[in-house]
Every structure is written in C-alpha cells, then in structure tokens.
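Next comes just one chain, in structure tokens: the form predicted alone.
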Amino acid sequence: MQTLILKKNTEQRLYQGHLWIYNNDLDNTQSPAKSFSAGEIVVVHTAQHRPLGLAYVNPRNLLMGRLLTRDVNVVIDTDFFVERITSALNLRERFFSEPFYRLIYSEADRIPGLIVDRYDDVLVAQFNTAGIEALRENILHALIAVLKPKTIILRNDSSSREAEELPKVVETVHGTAPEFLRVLENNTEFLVPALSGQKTGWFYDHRDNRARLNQFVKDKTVLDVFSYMGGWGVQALKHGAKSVLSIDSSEAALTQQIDNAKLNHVADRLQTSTADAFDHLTELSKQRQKFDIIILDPPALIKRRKDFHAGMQAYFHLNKMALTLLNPQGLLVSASCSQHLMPGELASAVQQIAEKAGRPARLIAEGHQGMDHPVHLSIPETQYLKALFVAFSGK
C-alpha cells in the first residue's frame, strides 16, 4: 500500500475520531494526489510519519479520503466487513423487534460511504464512494454471510456518486427483486416499489417522529406536504385522523400512497393532490382552507453551504404559508433533512413567522433521526434530521 502523508497540524481531526481527509490536508510534495488512484487503500501518516490508520482515497474529490480503521495491520477483506456488519446488526436488534430498519449508516457504523436498508429478507444498498465501490464484492459476501438475504438490490443512483465520478445504476446483484418492498412501521404496513422511488425506497429516519405525531391525530384534519408514499399521512389515518390531504409532485408516489391506504383500510379518508407544494399551498390559502395538523417534510432545501441563503428563504416561505392554513389551536410539524441547517435555525425561522403573524407558538417536542441512524459523536455531519412539533394559539 502507498503512504498518504498529511500536512503538519492537520491530523488533529482524525485523532479526535473524525474519518474524513480533504485534499488540502495532503502533503502534495511528499505524497502528491496524482500518485493515487480512485478507490485505492492507503496507509495514512502524520507529517511526523506516525501511522494514523488505513483509508481509501479518491484524488478527484475534494473529500479525498475516508478512514476505515486506526489499525494499520488490519486486512480489509470480507472478514473485516463481517465484523462491522455484525456489530451494526447487533445494535439494531437491541432496539427493533422486526427486521425493518437502516442496517448500515455509513460513517456512523464505521463503513464510510455505504448505506444499507433492510426490508426483512431484502437488502437495498447504496455504494456512494469509489473506495466502497472497489470493495463491493467483499461487502456483498459479508452481507450474505451475516444476514443470508433472499435479495440484494443496489440503488447506486445517488448524487453522491457524481462527485466520485461513478456511473449511476440500479441493479439486483443477489437473488430476484420483488415488485414491492414490504415495510412495517408503527403498526402500519406499506408497500414501496423495489426498483424505483426515492433513494433506497423508504425513509426510516422519521419513524420515531411519526410515532410521536400518531399520539395527537385522533379526529384531526391533517395536511401532509411532500407526502411521498404516505409515511406520515397513512399512519395518521391508521391512528384515527379524521381526514388527510396529501400533496406531492410525484403522481407515482401518490398512486402508491392510495394503495397503501387501501392496504390499511383507511383510503376513504384520504385525498391526494399531484402538485408543486408551494403552488398548492398558495391555492389552499386562497380557498381559506384550514387544518388541525400540518406536516412539512420537504427534501433537502439546502444541499450545499453556498445554497444556504436561498434554502433558508424557502424554509421561511414554506412555513409561512403553512401557518395561514393552520387552525387557531393547530399543530405544525416542521422538518428538515438539510445537513447545513441547524435545529436552532429552523426553530428561529418558525418563531419569527409566528411573531409576525401574531400567533403565540410553543415548541412542545423536538425530534431527530431514529436509532437506526446513529450519530457518530466525532462526526457532526452524521446528525442531519430535525423535526419541530410546534403548537399554536389564536391571535
């Protein structure tokens, strides 16, 4: 293995437990970036030539290296991943009685660049970096050895692969893909298409937040914005909501949401609208419609730091429009999966909107990603999900 030598005083982040190496951390005189190939495993040394661990690299990316282990004597093979996957599985089995969860959450489970979601005996994975792509066969063999799945599907169509200059592809690499993946969450059953839909098919990260909302929905009218296949709305109906109006730009997602509502015998109380969320909220406001509970769960509106201002304005606008549709004693669930938006910033936005509207607002609960998306305490980037439960009063 080649040696990657860091600049002086750049190793502290790694000593503190972080796993990332940026290309400007590299001593390009002693170990020039052009000497490495994408996906290569290297020994990382400090400027004083002290070994730090083994990492894989991709010199074509600003985030050029991710540490796999601090032990330079470890062999990165199938057995290495068997140990890591077993550790991740043991953690999930402590908290989940049913096999529906995120099994591998990248850096937090010590396999940076890998995502694996479990749908009983079907695994859906994303290999998001050149280094993980190079180790694909070892990882697949390890997944089969530990979990013995019927099927493994690779949803390698994420934007992360673009930065790594990897092709986008969806393929079944083990067994035969079913038409639908089955999900059990909070006593509600869902079917999601196995080879289409967003990301790995389902968003397990909001499981606990949806469970919290389910406590408050009985006999309430609910507006579910960016509703996808009904994770929030169908569960609300299953737990006694009077009605749900779901808005999403994807007709296919809403068609599947209707099927999921039928599966749970609640379709008679569901309405759907295929529309741009911002446009439809404006139309509902013109119609003077009101709802007891409004759920805002948009995709990431701030994908990069340079998009912060524009994304923040979008969050302001979205929450402001929602407030015009909320009944005097209503509940707003305002969520964000934007890594670059801090929880306090989202709360501040909602507070400012409430203040301008003259609507007293109280934060009654604050939610985060579920236990199958653990946060690596040395890597703040692994904590991304926010969910504010805000109770409003009349003017």
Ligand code: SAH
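This is a predicted model, so every value here is computed, not measured. For every residue, the number given is its place in the sequence shown, counted from 1.
The same protein also exists as the form predicted in complex with this ligand; that form is not shown, yet it is the one meant from here on.
Chemist: Though this ligand is not shown, can you say which of Leu195, Ala275, Ala267, Leu184 has a heavy atom within 4.5 Å of it in the predicted complex?
Modeler: By the 4.5 Å criterion, the partner-contacting residue is Ala275.
Chemist: Considering Tyr119, Phe127, Trp232, Phe81, which brings a non-hydrogen atom within 4.5 Å of this ligand in the predicted complex?
Modeler: The residue in contact is Trp232.
Chemist: Choose one stretch from 195-203, 139-147, 108-116, 85-93: the one whose residues place a heavy atom within 4.5 angstroms of this ligand in the predicted complex.
Modeler: Flagged stretch: 195-203.
Chemist: Answer with yes or no whether Ser227 is in contact with this ligand in the predicted complex, where contact means some heavy atom within 4.5 Å.
Modeler: Within the cut-off, so yes.
Chemist: So in the predicted complex, does any heavy atom of Asp208 sit within 4.5 Å of this ligand?
Modeler: Asp208: no contact with this ligand in the predicted complex.
Chemist: Hey, in the predicted complex, is Ser249 touching this ligand, heavy atoms inside 4.5 Å?
Modeler: Because a heavy atom of Ser249 falls inside 4.5 Å of this ligand in the predicted complex, the answer is yes.
Chemist: Please determine whether Gly240 contacts this ligand in the predicted complex, using a 4.5 Å cut-off between heavy atoms.
Modeler: Although this ligand is absent here, Gly240 would stay clear of it in the predicted complex, with no heavy atoms inside 4.5 Å.
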